[in-house]
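In the form predicted alone, a lone chain appears below as structure tokens.
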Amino acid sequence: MVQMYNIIILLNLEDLINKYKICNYHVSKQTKTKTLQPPAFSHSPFSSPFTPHFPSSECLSTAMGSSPSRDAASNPASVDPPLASASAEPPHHVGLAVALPPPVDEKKDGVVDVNKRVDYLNLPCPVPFEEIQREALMSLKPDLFEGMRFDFTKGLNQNFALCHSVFMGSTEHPSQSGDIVKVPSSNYEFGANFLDPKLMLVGRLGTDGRLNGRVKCDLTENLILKINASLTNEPHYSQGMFNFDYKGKDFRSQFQIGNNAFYGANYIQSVSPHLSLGTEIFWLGHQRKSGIGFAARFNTDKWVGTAQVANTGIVALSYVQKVSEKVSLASDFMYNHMSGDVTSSFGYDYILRQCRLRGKIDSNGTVAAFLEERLNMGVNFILSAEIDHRKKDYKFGFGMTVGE
């Protein structure tokens, strides 16, 4: 008989739950009132959320043909007064919706809302096209040098400062055999800086006859003018460049004009909160060369990935993983189809309490490290080292920076 009951319960589970809800009125000995209790479901680790608790023997008897009226006829003393029709609640249908867990979009804590729509009219503004790999370059391209360097900056007022820089080391010059020849050299450089919220002027004059200047001016809230110039006493080595940068709500554009009939333009657009796509073109009239390139950048709070390709045969990929607030790892890959060169490198950026350590190693056998130690407020000690095992070229430098 018990086996027959189990078979009937399994075949008519939903109908049994409905009948159980109707008949599950319990009698309180103190208040003599009846309350409606919903069926309980088991959520133990060894049971499925679809498996309900089996009803009591009273409901089993009701579902199999017994009724409270029959029990009342056999035992009139156990019958309670009937409830008022106004207070009686109609039975509610109980189906699998009660047993199923809530969908993901209804969960508020710890789960992303799948129904959250992206507002494509309020996307963030992307980084400039020329800085699309800035996180990777920070770790993989430190300011390495060979020899001794000393930089001193003295602020005269809130906007104006003077700079002095001394360098003693060696410079590299290519030879006819293809080897690099190091020539000892020294240089002193005097500079002046003017910083204003809407204007920045930077100038450097060295004993080697080179004059460098930079200008950044905010013409409007969204339009910026940048001028970079380098003048030297050697013919055909002086350069000048004008950049007009426009910053939109979710895009950036730039137009460039330089010497030797150089013209260039680039544009980058945010297509999602994390993805931005861009393109650039250039024309070099002096050499009658042109090119076009495309770029993509995907950034989150934990990692940044970029990809660039150009018709000149260059393919560049980079990836930066933020391990913690102080540690980040970076890698890049570059392929030149014209020359067939393939280079990949791996680097790190570790920020300590008083210093910052950056280093890299590449597929050409070059290992480099760059350390900036903060000795005191406005005083930094610098160490630079680079070893090229393939070319047997070793570089080491140290320096100090005073002033901010």
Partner chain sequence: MAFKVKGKVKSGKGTRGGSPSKVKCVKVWTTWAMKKAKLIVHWGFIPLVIVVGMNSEPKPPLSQLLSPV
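All values derive from a computational prediction rather than experimental measurement. Residue numbers count along the first chain shown, from 1.
Missing here is the form predicted together with the partner chain; even so, the following discussion is about that form.
Remark: of stretches 289 to 297, 126 to 134, 272 to 280, 152 to 160, the one touching the partner chain in the model of the complex is 152 to 160 (heavy atom within 4.5 Å). Contact annotation for residue 247: none of its heavy atoms lies within 4.5 Å of the partner chain in the model of the complex.
Using a 4.5 angstroms threshold between heavy atoms, residue 225 stays clear of the partner chain in the model of the complex.
Although the partner is absent here, residue 213 lies within 4.5 Å of the partner chain in the model of the complex, judged by heavy atoms. Proximity of residue 170 to the partner chain in the model of the complex: non-hydrogen atoms within 4.5 Å are absent; the residue sits far from the partner.
With respect to the partner chain in the model of the complex, the three residues 307, 311 and 317 uniformly fall beyond 4.5 angstroms at the level of their nearest heavy atom. Checking 323, 265, 205, 241 against the partner chain in the model of the complex, a heavy atom within 4.5 Å turns up for just one residue: 205. The contact residue chosen from 190, 251, 333, 145 relative to the partner chain in the model of the complex is 190, the criterion being a non-hydrogen atom within 4.5 angstroms.
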